[in-house]
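Below sits a lone chain in structure tokens, taken as the form predicted alone.
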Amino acid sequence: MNRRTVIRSAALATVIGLSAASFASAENPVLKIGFVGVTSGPAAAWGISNQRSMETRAAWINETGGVRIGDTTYDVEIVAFDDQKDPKRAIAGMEKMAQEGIHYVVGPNVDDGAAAVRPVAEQQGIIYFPYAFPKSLYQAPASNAVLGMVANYQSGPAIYKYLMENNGVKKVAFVAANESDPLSQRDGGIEAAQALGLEVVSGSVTYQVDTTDFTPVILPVIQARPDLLVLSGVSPANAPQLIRSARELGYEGLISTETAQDAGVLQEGAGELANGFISVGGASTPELASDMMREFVARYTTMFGEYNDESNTKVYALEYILETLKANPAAIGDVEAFKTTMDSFEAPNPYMVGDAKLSYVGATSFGQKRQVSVPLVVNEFRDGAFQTLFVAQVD
């Protein structure tokens, strides 16, 4: 055999070897799902919980062979964009998703961002799952946004009613950051409280988000002697500061919020002064959590070294997207098919025990099904951890 033949044979063997290796390690086609939300600044915990939940679940799906939709099995890739709680950056993030051909996006996490991206989503054929409360996002003629959690105007009345019946609350006061999201939540809270017959003794006090001394903010509020102090739309970074100020000024009443919080941040910032603080929690209590939910928590903790209870809710958006696509594979590239499927969609809820179902709700609040069905879990902070206060359901 001459040298040229040897080289040719060696090259052919190499090509065959590479082809075999490529075949053996061939990956599934990739299904990209976007995330546009806040992962930096005072509200970072909200978006970080979203992104980490999605990444944990995607890694788990890919590790176990991918997700089968129709005749194709896909690996799931999460494409994330930090909007820094800036509506302009949220728009840029949604435009990036459109450029990458992504039709399903989780986020944004706040009202301004969710409203700002609506034109891009509708023009580019994107279904998005915001954690924002303006009803106009979910009511006709809007149809591309799906509320990913329980809204404040759904959780607020449930919390107030519970505290009226179980703690004798009669007077309530509201404090909010001077931003559109918290102010909107405050206004909704005041309306709900008054409808239940509560006396609103203070409802106009606001603060700037960069406030470091909350004493002048809180003092006139607690002087009104409320039984319940509501921190409307409070960010995880500001909550412990407000709680600490109220307690150090001698306030002994109840404190609550309709936003989800981070137990670690509360413990670090307020310690035992935060005991009794009431907030909306994750969608699975220990009693409700399935084996799959417990495995999700374990995988999340292994990946990131910690866990945020709010991820019990945030895990759902990706699951809803994938299960709805399974129900109608045509929706992979056609969001109108996705919308049509939502009305009758139902699938087993893998994160809860019993016969719980995944389904879309919201007809009562929005006139159409534009909300994921997750339990309303209300928590009480106690000694560094959340404890379940009560569980309810939203239609």
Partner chain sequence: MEQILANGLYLGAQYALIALGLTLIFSLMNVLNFAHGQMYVLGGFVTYTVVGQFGLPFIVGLVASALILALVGAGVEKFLFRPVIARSKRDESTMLLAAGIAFFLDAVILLVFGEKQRGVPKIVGGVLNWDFRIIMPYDRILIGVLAIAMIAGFILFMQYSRAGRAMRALAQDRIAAQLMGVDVERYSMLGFALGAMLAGLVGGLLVTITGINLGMGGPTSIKAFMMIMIGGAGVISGAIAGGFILGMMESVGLTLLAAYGDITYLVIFASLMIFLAIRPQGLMGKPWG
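Predicted model, so just to flag it, every value in this text is computed and none were measured. Residue numbers count along the first chain shown, from 1.
FYI, the form predicted in complex with the partner chain isn't displayed, but the following is about it.
- The stretch in contact with the partner chain in the model of the complex, judged by heavy atoms within 4.5 Å, is 205 to 213, chosen from 205 to 213, 73 to 81, 152 to 160, 131 to 139.
- Within 4.5 Å of the partner chain in the model of the complex, a heavy atom is found for not a single one of T56, L288 and E295.
- With the partner removed from view, the residue among P182, P236, G93, G281 that has a non-hydrogen atom within 4.5 Å of the partner chain in the model of the complex turns out to be P236.
- A single residue from the set R89, R299, R244, K171 has any heavy atom within 4.5 angstroms of the partner chain in the model of the complex; that residue is R244.
- Among residues of the shown chain, G253 is not one whose heavy atoms approach the partner chain to within 4.5 Å in the model of the complex.
- Although the partner is absent from this view, T39 contacts the partner chain in the model of the complex, with a non-hydrogen atom inside 4.5 angstroms.
- Among heavy atoms of K369, none comes within 4.5 Å of the partner chain in the model of the complex.
- Residue contact check for I69: none of its heavy atoms lie within 4.5 Å of the partner chain in the model of the complex.
- In sequence order, I48, R52 are the residues of 48 to 81 having a heavy atom within 4.5 Å of the partner chain in the model of the complex; the partner itself is omitted from this view.
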